[in-house]
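Read on for two forms of one protein chain; each stands alone as structure tokens, with the labels structure 1 and structure 2.
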Structure 1
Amino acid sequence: MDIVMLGPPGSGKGTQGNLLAEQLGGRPLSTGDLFREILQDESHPLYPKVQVVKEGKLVSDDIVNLVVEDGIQKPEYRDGVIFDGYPRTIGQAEALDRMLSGMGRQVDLVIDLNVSREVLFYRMLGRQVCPKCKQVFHRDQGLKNCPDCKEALVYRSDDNEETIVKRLHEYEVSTLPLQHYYRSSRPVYVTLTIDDASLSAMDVNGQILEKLKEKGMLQEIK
């Protein structure tokens, strides 16, 4: 089962992808992790191409697609992938379709987290991260240290109003067209509107599972 998670920055795609991986199978894929792995291996055939990351240059769709295509060939992705943050453009979505088709697979499900701007700002401006285990918390929880690692929680440098506005604009320009792309194609498309900042990750997860159940997907996946 190959699943694409859509949603603006701060929508909780990563959190929900991890939960769904445990519940439905498949493995979350992070393009950032794939790039970091290649950058640490000078013998990797894509090592020269990903040097643009170190140089701070814009990474082209072609390079991102090559990195993803290389990544999903790994044994751990054999039973399915939960794509978080990829694809970001129509070109990447078309490339992903070609990759999966060559493996006898396709995008089976798209989950679109439609989160209001008010909730996004609340989440990102209050977001705290454990630098060791990468768990995400919110300042309203009143935690100073990660309950598991005991490391001091930190705020992400890009979680400020100016950067958030810019990231949301980039999402609207580049990524929103993916909604039309996937709605008009074969995958089951599930949209979840989130306008209540008090909803927990498990609350949202429960709503996603309920929608999948309504579409008959849970039985199919299991």
Structure 2
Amino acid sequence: MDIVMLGPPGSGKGTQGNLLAEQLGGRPLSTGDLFREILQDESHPLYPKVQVVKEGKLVSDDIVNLVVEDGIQKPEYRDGVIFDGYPRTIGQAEALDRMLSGMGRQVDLVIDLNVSREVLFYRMLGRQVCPKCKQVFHRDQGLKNCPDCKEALVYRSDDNEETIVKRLHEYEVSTLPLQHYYRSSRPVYVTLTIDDASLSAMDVNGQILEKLKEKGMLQEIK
């Protein structure tokens, strides 16, 4: 199954995508993670092209599409991809449709995480990430190291107030039209509204599974 996780930055696409990968199968692919890796390597041919990430701007469609097309050919994505942060524009969505159809596949499910601005700011301003396994935590949990990998948790450089405002604006202008794009086409579309910062990742995951069950996409919740 190929799944698109839709939602603004900080909405939990990565966290929920990882949980769904365990529950439904498929492998998460985060374009944001791919670009952050490229930014660590000055000799990478795409290094100059992805500098815009630091300013909260979108990387150009042709570069993103190239990176994704290259990525999903890998054997680990053969049984399905959970796209986290891609597509982000109509052009990318059309490119994804073409790529998948060339592989005899299609976007089967879209999960739209509709999270209030207050919750997004709370989450992103306190977001800590494990550099190894990419699990996300919040400063309020009081952790210094990843409980699984033991690596020191880090803050993302683009999780500052100024860049968050730009990223949310970019989301509204470029990515929100994807709601209409997918609602008016074939994939099963599941929306969740989240305006409570105390809701845990497992609570949200439970709500997603319930909705999938209602839509007949899950015979039984594991």
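For numbering, take structure 1's sequence and count from 1. C-alpha atoms forming the largest set that superposes within 1.5 Å between two forms make up the rigid core. All figures in this text were calculated on a predicted structure; none of them were measured in a lab.
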Pick one: is 1 or 2 the form predicted together with adenosine monophosphate?
2
Does Gly102 move appreciably between structures 1 and 2, meaning a CA displacement of 2 Å or more on the superposed rigid core?
no
Relative to the superposed rigid core, does Gln92 relocate between structures 1 and 2 - that is, does its Cα move 2 Å or more?
no
Following rigid core alignment, is the displacement of the Asn145 C-alpha between structures 1 and 2 equal to or greater than 2 angstroms?
yes
Please give the CA displacement of Gln40 between structures 1 and 2, in Å, after core superposition.
9.4
